[in-house]
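Structure 1 and structure 2 below are the same protein chain in two forms, each given by itself as structure tokens.
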Structure 1
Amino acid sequence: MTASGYLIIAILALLFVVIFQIAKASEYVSVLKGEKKTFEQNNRINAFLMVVFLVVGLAAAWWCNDLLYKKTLLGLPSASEHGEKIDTMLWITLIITGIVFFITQILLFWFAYRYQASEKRTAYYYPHNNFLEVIWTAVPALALTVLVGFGLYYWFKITGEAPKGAMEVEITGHQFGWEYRYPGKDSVLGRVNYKLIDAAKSNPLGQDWTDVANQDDLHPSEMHLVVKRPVRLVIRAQDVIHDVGLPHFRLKMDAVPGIPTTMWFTPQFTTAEMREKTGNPNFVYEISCDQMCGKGHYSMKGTIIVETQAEYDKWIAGQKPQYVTANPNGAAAAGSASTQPATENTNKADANQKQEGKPVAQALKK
């Protein structure tokens, strides 16, 4: 909208306030002077303004919807299968509440006009009706129960077991950024310990290097996902409560210190496809923090790139295990360990540890 458009709206709003205040002031003066006729006239003016406000208000609501709809998430297709169900629930909610809104507002302002104060009529005393009270209590309760029931169903679904063959990605929030971790060839994420967190030593996640599964884990700067392939997110936090917000996928989940949370979803469109659908060549899937986590909350933004399996394989092949970065002298050992299945490495390490009572890392060196 242009500056002139905002100026026109501001002027109209100011005129309405001025007219309303003048009418009220005139009404009070009339009452004090005992001018009954003037009071009735002002009352009719107020009743008429009620109808004007109803018509202008509904027209403005429709205009705002037409103007801003494409800028909302509802104007974009859901980027996940779960998100389509969420959108359906949201539309059902909007339709139900929208119908109630229009009926109540039209009746409210029409009654204010139709039944304005007059000596020709008196109010009908109607104190109680059990049937009406049951209706307006039971109907909203039933509607809310159905909506909450569907919400719980989809909630338990995304927080339940991910499909077989799903990717697994760990995302960790801290003030003020996100860290990502992928399992290596063993498809197992290694242990982490908050006491081992040391960004200066290339261990921002607190990975336990004595755990063989950690030696091939990857720590990239952004999240890459494969289109049409389910992904399970393991969500952690290092300091305060954060929240992994995925608006384009219609998902969010709290990141709680000391309590890993999980959710899974299936991306439907690659980043390139969404750029075509939105007509925005700079479109990116965003990760936002949906909890007020501190003064740098606004800057806590991550990026997700959804791509084909071939593109993902090419990207993942170019990543270097974090163990190699943190322990350059042990890179060769990590490489040899990562070529064996995780279960084989773990079983050998456990056997050596039981026999000699030494740490896993020392057993592997032997």
Structure 2
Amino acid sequence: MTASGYLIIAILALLFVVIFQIAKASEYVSVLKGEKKTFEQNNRINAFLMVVFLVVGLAAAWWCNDLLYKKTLLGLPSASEHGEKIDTMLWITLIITGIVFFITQILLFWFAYRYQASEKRTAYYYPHNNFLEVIWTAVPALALTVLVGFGLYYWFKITGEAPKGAMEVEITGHQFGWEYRYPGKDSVLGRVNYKLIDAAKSNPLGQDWTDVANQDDLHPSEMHLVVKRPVRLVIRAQDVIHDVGLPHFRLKMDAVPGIPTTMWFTPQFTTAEMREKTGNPNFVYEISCDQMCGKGHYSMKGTIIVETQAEYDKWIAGQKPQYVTANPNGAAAAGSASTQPATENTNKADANQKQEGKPVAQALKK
């Protein structure tokens, strides 16, 4: 340990001893001065500190708000439509609870100061008052009904079915990262089976290649979304529980091994627009893992890029199906790989259906 370390410890110890000695001395002084006098003095000091605490506390809360409010990004419109609803709900709750907070805290510390012990007064014997008690059962109940009402109204909108035409993206968590899968041209995510997961065979998601819906599924390294277009996330986990946390969209949903979950939302602003709004040129939509998942939990970051339809189309066109990566020897495999050798025939069938523009599976089933 460094010298300054020892110094700090020595100073702390000294401080400790000094405080203790003063405290001990005050006890002797009180014996000399008389307990009653000491009591009165202490009582006045503490009563005074009650109002000091109230006033300074409220001022500090104001100051704290001043410093931190802008960092929460609550002042900006939320980046998703759901987020707008959640922000509205937040404001309703803030106002109602805020009023209660100020009234009760002020009364508490004010009463403490105002009714400090005094020889001149006696306490007022006031054991109960049914009317008052009914009032302060009914008023909170009413306020809470309002909050429950709004809350559930929004809750059912947010957790309801995704609109038709929503794009679908699968996100899978594992220690410690996220994988994304797009359904490709057929708009269907192919079957997965966790027993097929094998990074060495370029199949990190356990896609079942016998399901042709898998053959056009894309596996990019980031999530791209289209602004103003609803998206439905299918959420999976491979090992332990994770959670897809989207602070700017104000949403989150657990990723549970064995039990896929879903969540949908509509991004409001492109990443570029958010950079402007926040004035932060480095702004990115981050996916934070919000469920403790092991030692790398804090580093389990994903990125979402929200862009215009045109930008998105260009990006998606550049993505290669995972099937192609995993089966570099040609598209012949499919369900037939084990039963049918990759003969010229199949290749022809393949060529045929391409002309017809039908998916492979249908062509093969015929």
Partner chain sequence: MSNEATVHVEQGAVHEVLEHHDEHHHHETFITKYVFSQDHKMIAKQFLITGTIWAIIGGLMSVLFRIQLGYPDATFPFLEDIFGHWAKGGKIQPEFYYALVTMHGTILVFFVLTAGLSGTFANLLIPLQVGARDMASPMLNMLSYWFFFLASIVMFSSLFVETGPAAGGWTVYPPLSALGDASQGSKIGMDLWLVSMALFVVSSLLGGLNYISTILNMRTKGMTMTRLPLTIWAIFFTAILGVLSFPVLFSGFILLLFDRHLGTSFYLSEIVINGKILPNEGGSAILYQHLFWFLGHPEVYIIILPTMGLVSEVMSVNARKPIFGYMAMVGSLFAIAVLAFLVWAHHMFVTGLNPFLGSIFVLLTLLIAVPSAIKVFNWLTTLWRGNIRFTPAMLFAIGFVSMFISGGLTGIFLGNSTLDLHLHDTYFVIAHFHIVMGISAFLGMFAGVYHWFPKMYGRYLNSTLGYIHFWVTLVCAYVIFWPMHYEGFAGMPRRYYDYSSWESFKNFVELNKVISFAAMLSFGAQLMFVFNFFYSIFHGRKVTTKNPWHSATLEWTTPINPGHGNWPGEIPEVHRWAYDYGKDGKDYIDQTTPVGKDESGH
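Not measured: the values here are computed from a predicted model. When a residue number appears, read it as a position in the sequence of structure 1, where counting begins at 1. Between two forms, the rigid core is defined as the largest C-alpha subset superposing within 1.5 Å.
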Seminar exercise, completed: Here the form predicted together with its partner chain is displayed as structure 2
Exercise. Has the Cα of Trp136 moved 2 Å or more between structure 1 and structure 2, judged after a core fit?
Worked result: yes
Problem set entry | Pro260 C-alpha moves between structure 1 and structure 2 by 2 Å or more, core aligned | no
For this session: Could you check whether the CA atom of Gly149 moves 2 Å or more between structure 1 and structure 2, using the rigid core for the fit?
Result: yes
